[in-house]
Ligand SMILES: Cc1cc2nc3c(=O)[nH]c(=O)nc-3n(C[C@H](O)[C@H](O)[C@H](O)COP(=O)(O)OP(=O)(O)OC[C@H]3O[C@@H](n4cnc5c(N)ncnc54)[C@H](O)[C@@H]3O)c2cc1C
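Only one chain is given next, in C-alpha cells, and it is the form predicted on its own.
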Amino acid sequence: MTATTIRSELRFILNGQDVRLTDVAPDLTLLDWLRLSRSLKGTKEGCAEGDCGACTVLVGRLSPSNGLVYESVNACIRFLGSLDGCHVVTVEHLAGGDDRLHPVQQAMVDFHGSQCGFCTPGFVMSLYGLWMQTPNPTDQQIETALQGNLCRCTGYEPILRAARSISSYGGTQNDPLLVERETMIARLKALGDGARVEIGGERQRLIVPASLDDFASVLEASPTATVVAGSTDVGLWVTKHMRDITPVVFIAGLRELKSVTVADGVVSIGAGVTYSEAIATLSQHIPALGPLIARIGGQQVRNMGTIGGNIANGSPIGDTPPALIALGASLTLRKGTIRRTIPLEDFFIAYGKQDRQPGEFVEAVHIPIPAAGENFAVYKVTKRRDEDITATLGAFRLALAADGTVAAIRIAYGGMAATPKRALAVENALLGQPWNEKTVEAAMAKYAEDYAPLSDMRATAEYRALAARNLLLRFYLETTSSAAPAQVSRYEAA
C-alpha cells in the first residue's frame, strides 16, 4: 500500500486570491478569519449559530462530475479547516472593476431592500447563490433561498421585489463567477494533490484526510478526535458552549462519502451527503421526506448539514432519525477496514450514548422505499414553521391487509425520550386490528407506556404527550379520507 502524503498547509481560494495557511486553529471559524485576519467586514456576525444569515458567503467546490457548485453557507459555524480545495466568495467580490454594483446589489438598492443594512450582505449572497442557479425564480424558490436570512427592518416584501427583478439588471452570462468558471475549475483541480492535511501538534491538530480509507486509519489512531462534516451542530459547541473540540478531523471533502444510490428498493446515502444533495432523490422515492428536509434549518444549513451527521450526533430532537427508523433504515458503521450493519433504531442506546466503538464512524444509511399501497408520513411540530428546532416529531409507516386490518406498522418519535424511539406499545395495540377510529383511539392510551417526555423551552411534557397522540389520529384521518390534507402550503392552496 502506498504511503499517504502529508501536507502541512491548508489551501483554498478567497475571492480571486490563492490562500495557503500553515497555522490554523482547529476551531477557527471562517467568519472570524475573514473579519479579523482579512478585514473583510461585509460578512457579519449576528447570531453565531447559523440562524440569522448575516454571515452568509458562497463556497464553491468541485462536484464528482468535475463541475463547480456554489452554495450559500453560514460562515459563523463553518470552520476554516473544512475549506481545503474550495473557493470562498464574499460580498466584496461582487463589485465589478467599473465601480458598478452587481445586479443583485442594484436591485436591493432600487427596491429599498435594505434599511439598517446589517443583514443586507447576507441577503445579497443568498440571492446571488439562487440567481446563479435560477435567474428567474418563483416566489417559492426565493423564499426557500431566504429561509435562513432574518431582517428586522424591511418586512421582507421589498427584498422579495428585488429578488424578482435581479435579471432585469443583467444576465448571468456576464457574472464574474460564470465568466471565470473554467479558470476557477482548473485552479481548484490544481489544489487537489491527494494529500492528507495535518496542521498543529498534540491535541491542537487539524486533520483533513486524503481519502475514505485514510479517514478510517486516522480515526482508528485518534479515536477521541471530533469528526466534523457539516459543523451545523459542532459549530455551536464552539460558538455557544465554548467546548474544546480538538483534535478535529474534517470530512466534508471526502467524495467517497457523497454517494446516493437506489437499488433493490433501498436508497443508500453516504454519511457525507448534505440535505441539499439528498432532497431530490429522497423526494422522488419517499415523497414525505422532501417537505421534512425543507424545514431543516435554512438553505445555508441544508447546504452544510449531513444526514450522516444528524444520525451520528445522537440528538433526541434530530429530525431525520425518527423518520428513518419508521422506514426501517439500517446503518453501516466502519472501523479501520471492518464494517458492520445494524438497524438504525439499535444505534441509539441512551442520551448521549450510541452503539459506536472508539474509532468507529457512520459510513452510510440504507433506507427502504415503502411498497406500493403502504402509507408513510412525517409530522414535525415546532413553535414557528421554518428554521426551528423540533418540539416533537412523529413518523408513521403503515401496511394494511386485504381485510383492512393492520398488517404492519412502525411508529417513531423524536423529542419524546432521551433518544429517537419507537412507540412499540402503540404499535402492538394497532397490529392485527381494524384500521378505524376506535382502534386508533384505544391505541392512543398506550403512548404513556412508551414515552415520559420532559418539559423544556420548546414545549411542556403535557403538550408533547397530547401532540404525539394527536399525530397518530391525524395520520389515521389522512390515510382514510379523500379530502384535502390537513395542511397545505400557501403555494398549493393558491
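The shown structure was predicted, so the numbers you read here are calculated from the model rather than taken from an experiment. Quick note: we count residues from 1 along the sequence shown, nothing fancier.
Although not depicted, the form predicted together with the ligand is the subject of the following passage.
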{"property": "Contact of residue 227 with the ligand in the model of the complex (heavy atom, 4.5 Å)", "result": "yes"}
{"property": "Non-hydrogen atom contact residue 102 with the ligand in the model of the complex at 4.5 angstroms", "result": "no"}
{"property": "Distance check, residue 277 to the ligand in the model of the complex, heavy atom within 4.5 Å", "result": "no"}
{"property": "Non-hydrogen atom contact residue 313 with the ligand in the model of the complex at 4.5 angstroms", "result": "yes"}
{"property": "Stretch in contact, per heavy atom within 4.5 angstroms of the ligand in the model of the complex, of 446 to 454, 47 to 55, 433 to 441, 461 to 469", "result": "47 to 55"}
{"property": "In the model of the complex, the one of 234, 145, 409, 344 near the ligand [non-hydrogen atom within 4.5 angstroms]", "result": "234"}
{"property": "Answer option from 370, 253, 305, 414, heavy atom within 4.5 Å of the ligand in the model of the complex", "result": "305"}
{"property": "Residues of 382 to 399 having any heavy atom within 4.5 Å of the ligand in the model of the complex, listed in sequence order", "result": "387, 388, 389"}
